[in-house]
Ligand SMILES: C[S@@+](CC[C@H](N)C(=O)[O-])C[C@H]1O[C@@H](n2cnc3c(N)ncnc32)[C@H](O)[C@@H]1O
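Below sits a lone chain in C-alpha cells, taken as the form predicted on its own.
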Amino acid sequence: MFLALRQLLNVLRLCLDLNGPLLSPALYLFEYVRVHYEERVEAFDARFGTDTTSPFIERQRADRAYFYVPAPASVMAHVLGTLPLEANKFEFVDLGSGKGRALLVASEFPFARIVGVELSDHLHRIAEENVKRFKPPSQQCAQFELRCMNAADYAFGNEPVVLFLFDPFGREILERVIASLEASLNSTPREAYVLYICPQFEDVLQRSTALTKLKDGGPRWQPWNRYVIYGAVSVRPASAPDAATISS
C-alpha cells in the first residue's frame, strides 16, 4: 500500500514538474511569447547587441526536456540592489547560466568575480560571445569565468558568494547543489546569499540547516518574477542583513 502511494506521488510530481515531458512543451510556447514581449519592453539585447532573449529547448534524456529562457533583467537588478554587497568581496555564481543574461546583469554590480556554469555546450558558446559583446559604461566587474559542466559537480570556493538560480534544473540536482553549498559553508563559515527566481523547489532551501530565509517578493501570479532570498546562518557579521533589514 505504501509503495503504491509513493509511486502515485512520483507520477503526480512528474506531471507537475515544469521541466517534465508533459508541461515543458506548453510552457516553452508560453515562455517564447512572454520573453519576446519582455524584450520589447526592456530591449536588453537591442541595447547591448547581445543574444540572450530567444528561448532554447534541449532534450537531455528521453523523459525530460530542459529549456533556456532569460532571467528577468529588471527583477535581477532590483534584488541584487537590495543586498549589502561589499565591493570586490563577493563572487557571483549562476548555476544553469544559459546564454549568460544573469551574468551580464551581475557585471553591473561590484563583484570580485562572476562564474557561469552551463551544461549545454551550445548555450555555453553563446554566453561566451555575449560576454565579449557586453561592454556598457555601467559595468563594474569584467572578471568572468564560464564553465561548461554539470552544475551538480560545481565546487564552491571559500569566498563570500551570491548563488543565483533561475529555476535551472529539477529537484534532484538542486538538492545536490544545496548540499554542496552547505558543506562549503560549514567548512568555511562566511557570508553567502542564495537568490532563487521562480522558486519551484523552495522546500529544498527551507530544509537547509545552513540557510535561513531573508525575503521573498514578486507577484504570485507571475512565477517568473517571483523570488526568494536565503542567507547563510553559519556566520552573521554586522554587515549581513536579516529579514527585517533587507530593503524591499
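Heads up: residue numbers just count along the shown sequence, starting at 1. Quick caveat: nothing in here was measured; it's all calculated off a predicted structure.
The protein also exists as the form predicted in complex with the ligand; that form is not presented, and the subsequent description refers to it.
> Between the options Phe169, Phe90, Phe134, Phe109, which residue brings a heavy atom to within 4.5 Å of the ligand in the predicted complex?
Residue within 4.5 Å of the partner: Phe169.
> What is the one choice in Tyr193, Tyr196, Phe201, Tyr68 with a heavy atom within 4.5 Å of the ligand in the predicted complex?
Filtering the options by heavy-atom distance leaves Tyr68.
> With the partner left out of view, is Gly96 within 4.5 angstroms of the ligand in the predicted complex by any non-hydrogen atom?
Contact with the ligand, yes.
> Check Gln143 for me: does it contact the ligand in the predicted complex (non-hydrogen atoms, 4.5 angstroms)?
No, Gln143 sits far enough from the ligand in the predicted complex that none of its heavy atoms falls within 4.5 Å.
> Do Leu119 and the ligand share at least one heavy atom pair within 4.5 Å in the predicted complex?
Yes - in the predicted complex, heavy atoms of Leu119 and the ligand come within 4.5 Å of each other.
> Taking 4.5 angstroms as the cut-off for heavy atoms, does Asn150 touch the ligand in the predicted complex?
Contact with the ligand, yes.
> Tell me which of 78 to 86, 155 to 163, 99 to 107, 126 to 134 has residues with heavy atoms within 4.5 angstroms of the ligand in the predicted complex?
Among the listed stretches, the partner-contacting one is 99 to 107.
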